[in-house]
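Just the one chain here, laid out as structure tokens, in the form predicted alone.
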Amino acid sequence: MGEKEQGVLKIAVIYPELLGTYGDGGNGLVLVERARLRGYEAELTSVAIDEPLPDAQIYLLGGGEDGPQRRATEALHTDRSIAHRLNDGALLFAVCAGLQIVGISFAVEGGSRHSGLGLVPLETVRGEKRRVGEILVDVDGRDLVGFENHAGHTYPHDAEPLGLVKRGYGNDGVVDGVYQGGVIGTYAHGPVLAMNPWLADELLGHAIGHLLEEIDTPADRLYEARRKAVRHSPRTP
């Protein structure tokens, strides 16, 4: 990746009043802090449901309940700008309900189906049971650790997944998330970038235009401890 034009790195959290149930806004704080630790100026913006999406290099979609998920999707359909911003080189990081929103369609409790944003070819239906617990995903040889809590079963179709599930369920028990066309998503919800600082650095590297040098912070050390603990903990049925 080549160096992009230097300036303020803008990060936007989309509709946190609807999609912030699990502290997902923490992902924005992590990105800003890790950018600043490397000397980059970064700005974090929260976008309310009645506001247009601002210009940004990274957009964040969090998780939420069925009703807020539908409202957020309707508002983004009305805004109609996120696809254009991705085409211009922006990134969209989506977790849990946000992952379902970026697909073609998703189903909520009761089985009613709703159109997603259609940014990636994912389709989510209601699964037979709710998936709750730790998740471990192999992302090109790197471990993503986190916690999932969802009833969705997501068919990836032709979408490129984020990684292979080693523990937990993810999209369908085999793969988790998506990594395609500027959209990065995972069922590991909440402030997953705090738990996986390497993934935060990868997003920043794409936005800035080059790989970032490694840094040693308490978050990086906690990640290593957590990764080892999950890999070696006994599996539950």
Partner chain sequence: MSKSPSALGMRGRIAVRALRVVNATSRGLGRGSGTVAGGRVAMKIDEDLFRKLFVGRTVILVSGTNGKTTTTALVRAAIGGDPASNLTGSNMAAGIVAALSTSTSSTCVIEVDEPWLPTVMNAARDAARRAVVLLNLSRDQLDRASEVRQLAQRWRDHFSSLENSAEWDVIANVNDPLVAYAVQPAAKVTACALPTPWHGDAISCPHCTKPIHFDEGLFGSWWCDCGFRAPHPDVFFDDGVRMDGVTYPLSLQLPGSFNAANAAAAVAAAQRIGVPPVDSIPRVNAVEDVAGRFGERMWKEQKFRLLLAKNPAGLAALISTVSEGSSPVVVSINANVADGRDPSWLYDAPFERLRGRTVWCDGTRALDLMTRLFYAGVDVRLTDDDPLFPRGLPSGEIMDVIGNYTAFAQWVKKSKAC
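All figures in this text were calculated on a predicted structure; none of them were measured in a lab. Positions refer to the first chain, counted from 1.
What comes next is about the form predicted together with the partner chain, which is not displayed.
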For this session: Spell out, yes or no, whether the shortest heavy atom distance between Gly209 and the partner chain in the predicted complex is within 4.5 Å.
Result: no
Exercise. Can Glu214 be called a contact residue for the partner chain in the predicted complex at 4.5 Å between heavy atoms?
Worked result: no
For this session: Evaluate Phe147 for contact with the partner chain in the predicted complex, applying a 4.5 angstroms cut-off between non-hydrogen atoms, and reply yes or no.
Result: yes
Exercise. Might Gly182 be said to contact the partner chain in the predicted complex, defining contact as any heavy atom within 4.5 Å?
Worked result: no
For this session: Identify which of Arg130, Arg142, His157, His77 has a heavy atom within 4.5 Å of the partner chain in the predicted complex; exactly one of them does.
Result: Arg130
Exercise. Taking Arg85, Gly103 and Asp172 together, does each of them reach the partner chain in the predicted complex with some heavy atom inside 4.5 Å?
Worked result: no
Problem set entry | Residues within stretch 13-38 having a non-hydrogen atom within 4.5 Å of the partner chain in the predicted complex | Glu17, Leu18, Gly20, Thr21, Tyr22, Gly23, Gly26, Leu29, Val30, Glu33, Arg34, Leu37
